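This document starts with one chain, in the form predicted on its own, laid out as structure tokens.
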């Protein structure tokens, strides 16, 4: 009888313990959890992409021939050559303000264009003529024309043109490009005139 009571008592304890275990678990404080973000990546349908194929139509090629660099046919006569390069803007004169020998932005652009052409045609030499309008004394204008021609020469050499290819001369007011005693004529005469004079 003692054994039976002992067994009953033990079984009772086990049953009570089993009943309390779930209760103990639920009463524990749950640890805070950080929310996790699930990233779903859309995978393209490879079967549909693989089915499309780019086809290049070789029959409708726009270039019919191999491109070849074109060389400019230049006149052999020096007068014709000077007209040709002036008309096309390859060689351009530099114009100056009244009583000035400093290069304006327009004059620098003109000389830069001329330097580009001279670099592409290294066989030619250049004469830079300094000109003035009629105002001032003859001697003063010769000196001003000389300053203008030399300013243009220095600018061209700074752009990489060999100084041995460049000569300067001053005509002052002696060879006007435009006649007249007004600003319209004077502005055309205040210049460094660039002339191709021959080959090296």
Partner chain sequence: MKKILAVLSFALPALLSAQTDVTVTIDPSQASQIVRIAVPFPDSVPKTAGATVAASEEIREPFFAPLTRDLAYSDAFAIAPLPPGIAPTIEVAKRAGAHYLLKINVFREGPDYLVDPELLDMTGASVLKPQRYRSPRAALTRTAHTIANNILRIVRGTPGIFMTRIAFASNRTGNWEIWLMDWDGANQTQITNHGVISILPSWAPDNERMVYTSWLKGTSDMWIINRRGGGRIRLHTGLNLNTSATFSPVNNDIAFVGSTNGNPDIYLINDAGGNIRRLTSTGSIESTPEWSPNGRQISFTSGRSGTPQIYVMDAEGTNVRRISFEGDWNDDATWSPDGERIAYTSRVRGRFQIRIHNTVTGETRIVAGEGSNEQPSWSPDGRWITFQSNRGGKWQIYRMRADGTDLLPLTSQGENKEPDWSKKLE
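None of the values given here were measured: they were computed from a predicted structure. Numbering follows the first chain given and starts at 1.
There is another form of the same protein, the form predicted together with the partner chain; it is not shown, and what comes next is about it.
Not one of 80, 88 and 177 comes within 4.5 Å of the partner chain in the model of the complex, counting any heavy atom. The partner chain is not drawn, but in the model of the complex it has no heavy atom within 4.5 Å of residue 162. Taking the partner chain as positioned in the model of the complex, the residues of 98-129 that bring a heavy atom within 4.5 Å of it are, in sequence order, 98, 99.
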